[in-house]
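In C-alpha cells, the next block holds one chain alone, the form predicted alone.
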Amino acid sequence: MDREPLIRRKTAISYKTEEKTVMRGYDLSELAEEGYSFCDALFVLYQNRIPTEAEEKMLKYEMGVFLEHSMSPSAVAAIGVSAGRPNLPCAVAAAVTTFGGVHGPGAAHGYMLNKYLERAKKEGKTVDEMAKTLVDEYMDAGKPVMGMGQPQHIDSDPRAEPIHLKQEELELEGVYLEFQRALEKHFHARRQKEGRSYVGVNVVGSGNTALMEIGFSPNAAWCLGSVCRGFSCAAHALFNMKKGRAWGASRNEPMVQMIDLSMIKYVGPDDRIVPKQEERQEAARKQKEEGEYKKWVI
C-alpha cells in the first residue's frame, strides 16, 4: 500500500520511532536515565541546550515559587468551569487562558524590557538612563509599568524580591536584572515624588527578568508560567469536582457558594412592562428620544 504522505511537514522539536522519542537530538529516556531533571529538559526543549547547574536551579526556583497563588483569576476560572462538571481538561484550559495583560506570566513585560534595551543601544544611553526614560514615558502616558504592582499583595509581592536575590546568589545577574533593578528604583522615586503610595515589583517583573536572563524569550517564559500554574489550576478544579458541589450555588454549605444568588446585586433598569407588538414602534421611538438607554449600552 502506498503510504507516502500527501503533505510533508517539518519540525525541529522532536521525532519518534517504535524504539525511542528524540527531543532536539537527545533520546528523552537517556536524559532521564542520566539524571537530568524536568527543568533541564525544558532548556533542551525551548533552547536546544543543556543548562548549567545554576541555570537549572534558577528555573526550578522560579517555577516552584510560581506554581500556586491561591484565589486568582486562573484558579477562579478553573473552579467556575468545573462547577458545570465538564471533562477536567476543559477547566484547566479555561484557567490557563486567563493569563494575559494583567494576570499571570504575560509576555508584555519581556517585550517592554527588550524594546527599551534596544533603544538604549541605538540612543547611546546607559541602562539606568533608559530605565528612567521607560518609567517617565509610561507614567506620563498613564500606562501601567509592566511587572509592578499586585492587587492582593498591596505592600509588596512576597515572591518577587526573593527571585531577584536568588538570581544574584546564583551569579546569574546580567543586563536584564540590571535594567529591572533600575526600573524599580526610578519607578519608586517617581511615585514618591508625586506623593503616591508604594507599589512593589511583582512576580512577573522578577520572574520574567530571571527567565530572560537564562535565555528564555518572552513568549517562552509565558508558556513556562502557564504550564507551571496549570498544575495548580488542575488541582483547584479536581478538588472542586471531588469535594465541592456542582453548580456552586448550594444553600446547604456553611459558606456562601461562588454563584449563590445572595451574592448578586442587580443594578440595572427597574422592572418594566413588555410593550404589546402594536405598541412597539411608539415604545422604541420614545426610548430613543429619551436617551436613557444609552447609560446601559455595553
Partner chain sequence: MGNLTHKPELNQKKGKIGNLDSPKNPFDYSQREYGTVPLDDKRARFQWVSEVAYKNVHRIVSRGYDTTEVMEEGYGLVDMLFIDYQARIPTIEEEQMLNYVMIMALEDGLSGPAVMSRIVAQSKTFLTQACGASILAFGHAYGAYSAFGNRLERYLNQAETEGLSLAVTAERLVEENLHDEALGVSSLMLKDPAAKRMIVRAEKLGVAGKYVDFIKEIAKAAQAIIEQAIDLDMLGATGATMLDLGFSPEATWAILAVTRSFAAGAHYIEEIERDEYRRTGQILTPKDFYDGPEDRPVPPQKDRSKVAKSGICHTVEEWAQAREERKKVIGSGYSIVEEIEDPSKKSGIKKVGKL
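Positions refer to the first chain, counted from 1. Source: prediction; values computed, not measured. For clarity, a rigid core is taken as the largest C-alpha set superposing within 1.5 Å between two forms.
Same protein, other form: the form predicted in complex with its partner chain, not shown, and the subject of what follows.
When you measure heavy atoms, are T52, E194 and L211 every one within 4.5 angstroms of its partner chain in the predicted bound form? Per the other structure, none of T52, E194 and L211 touch its partner chain.
Single option in P144, G174, G215, P162 placed near its partner chain in the predicted bound form, where near means a heavy atom within 4.5 Å: Result of the distance check: P162.
So which of V199, A182, L170, V96 reaches within 4.5 angstroms of its partner chain in the predicted bound form, heavy atom to heavy atom? The residue from V199, A182, L170, V96 that makes the contact is V96.
Please pick out the stretch from 186-194, 215-223, 115-123, 134-142 that is in contact with its partner chain in the predicted bound form, where contact means heavy atoms within 4.5 Å. Within 4.5 Å of the partner lies stretch 215-223.
Is there a heavy atom of M23 no more than 4.5 Å from a heavy atom of its partner chain in the predicted bound form? Judged by the heavy-atom cut-off of 4.5 Å, M23 is in contact with its partner chain in the predicted bound form.
Determine whether any heavy atom of E289 comes within 4.5 Å of a heavy atom of its partner chain in the predicted bound form, and answer yes or no. So E289 does not count as contacting its partner chain.
Does E19 reach its partner chain in the predicted bound form if we count a contact as any heavy atom within 4.5 Å? Flag for E19 set to yes.
Can you check whether I7 is within 4.5 Å of its partner chain in the predicted bound form, heavy atom basis? Yes.
Of 34-69, which residues get within 4.5 Å of its partner chain in the predicted bound form if you count heavy atoms? Contacting residues: Y36, S37, F38, C39, A41, L42, L45, Y46, K60, Y61, M63, G64, V65, L67, E68, H69.
Displaced residue check between this form and the one not shown: A12, CA, 2 Å or over, core reference: No; that C-alpha moves by less than 2 Å between this form and the one not shown.
Does G35 move its CA by 2 angstroms or more between this form and the one not shown when the core is aligned? No, shifts by less than 2 Å.
Given a core-based superposition, decide whether the C-alpha of K265 shifts by 2 Å or more between this form and the one not shown. For K265, whose C-alpha is compared between this form and the one not shown after core superposition, the shift is 2 Å or more.
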